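Listed next as structure tokens is one chain, alone, in the form predicted alone.
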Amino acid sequence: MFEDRIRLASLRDRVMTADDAAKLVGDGMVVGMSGFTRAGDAKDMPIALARRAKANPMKITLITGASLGHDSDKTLTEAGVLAKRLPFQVDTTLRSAINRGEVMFVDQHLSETVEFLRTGQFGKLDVAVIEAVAITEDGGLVPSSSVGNSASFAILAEKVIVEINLAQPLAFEGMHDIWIPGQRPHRAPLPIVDVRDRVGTNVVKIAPEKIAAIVITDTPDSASNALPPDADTQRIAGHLIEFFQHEVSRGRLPRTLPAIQSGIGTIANAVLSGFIESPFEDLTMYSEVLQDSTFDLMDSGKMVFASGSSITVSQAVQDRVFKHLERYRDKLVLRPQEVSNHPEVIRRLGLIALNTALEVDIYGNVNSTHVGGTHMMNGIGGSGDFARNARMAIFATKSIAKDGKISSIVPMVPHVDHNEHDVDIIVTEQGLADLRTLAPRERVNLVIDNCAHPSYREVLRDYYRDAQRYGGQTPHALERAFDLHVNLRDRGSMLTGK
């Protein structure tokens, strides 16, 4: 049944159950596991590790590309397996454990994780668990719907457990471009000068003897849980399209637009979907995650090529795309995340980066990770990789949340992930603020008038009037800076009258 997937015959006797393979993972180990935003993740091994830990308690440090699907983080958390987790997660059970201090979470820029492994910051990588669609005749691994950190995990780990997933189409073979950087300080440049460039190999090359176990599974990827576009995201898209048209008319952007990066999640995906009705043609993408909007734009004829690190789509789009991958073969490439998020390439290609903010302050500082400045949401992901290096760093958010109890525009963000120097454009359904070339005092009224919800504008203006009494390049009234957040914590709403 799986012989055509394991083409190196000498490896077929390493096929075993997930429970037997889980015995290769011991207490205190550092484990790298494939998976990037619910795509290409190991399906059976997390469950087997949880079963083992319930019988024989154990703790591991778990490193992935990004978030896992199939409630794997929940399962591992409830079984007490996770001592430390990095670099990104989206699971509510794990999030609660992190915020209780029970699991140590290292929130990292996604381009940096493997660099830490290479330099031994986490010690040795004991085991890598990698999903693949096939093993080639010479032992190379053919990834599935994501690359993420899988290639480097397999190369750096002492032992490799491969999950061959029969549910993942063999048509993925040939769709990957695996390029691994050399050692610093004499590392060669990454020679990508166009989103279509292929500079590596189709497979992950490792010594076959490192493969300690092969687990056969038949479980599809978890579907994306991003919500469809709504009136607010359509308005955000409209503001961006109008802005891009203005930039083109002024000669500051080409008519085809530079390659686009889109962060994961409902807002970025929904906003990008709005470009189907835009006047822009021949769009390209150089991003981490290829979502529904990517394939909707391709199918509409608007997008001609997309480079990413994973494919994370809804069930309907998964059915449409995965069953007909051949249609997209000349329009897609999947790369390691340290390539998709590489600062050198992002700067060279001059990307338009579209990411999501939890909240933005009146000077343009962005919090994308911490609720109330203290409680982790998901993590910074790759947004910082792109914001710092992109031609145009855009952060989108709805102006209010929780029926108006929360404003996304605040006097001062209580946690800063992207400081004002890395943020070019703020856009909400209310409007857009172009912060480029503006001093802090010039930004304030633009952000309040264009981006804040009307019910919060006067509160924000009043704060700024008070702050100006103290002077400074970036005026703040420190005793009032977090009044809205304190109101929310203590009274359930930033506006005390709500």
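Counting begins at 1, following the sequence as shown. Computed from a prediction, not measured in an experiment: that's the story for all the values here.
Here the subject shifts to the form predicted in complex with another copy of the chain, a form of this protein not shown in this document.
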query = Heavy atoms within 4.5 Å of another copy of the chain in the model of the complex: which of the stretches 310 to 318, 327 to 335, 220 to 228, 406 to 414 has them?
reply = 406 to 414
ask   = Does residue 342 make contact with another copy of the chain in the model of the complex, using a 4.5 Å heavy atom cut-off?
value = yes
key: 4.5 Å heavy atom contact, residue 112 to another copy of the chain in the model of the complex   = yes
message = Just checking whether residue 489 would be counted as a contact of another copy of the chain in the model of the complex - the rule being heavy atoms within 4.5 angstroms.
response = yes
key: residue 107: touches another copy of the chain in the model of the complex, heavy atom cutoff 4.5 angstroms   = yes
inquiry  = Going by heavy atom distances of 4.5 angstroms or less, which of 90, 358, 214, 380 would be at the interface with another copy of the chain in the model of the complex?
reply    = 380
task = Go through 66 to 100 residue by residue and record those having a heavy atom within 4.5 Å of another copy of the chain in the model of the complex; state none if no residue qualifies.
result = 84, 98, 99, 100
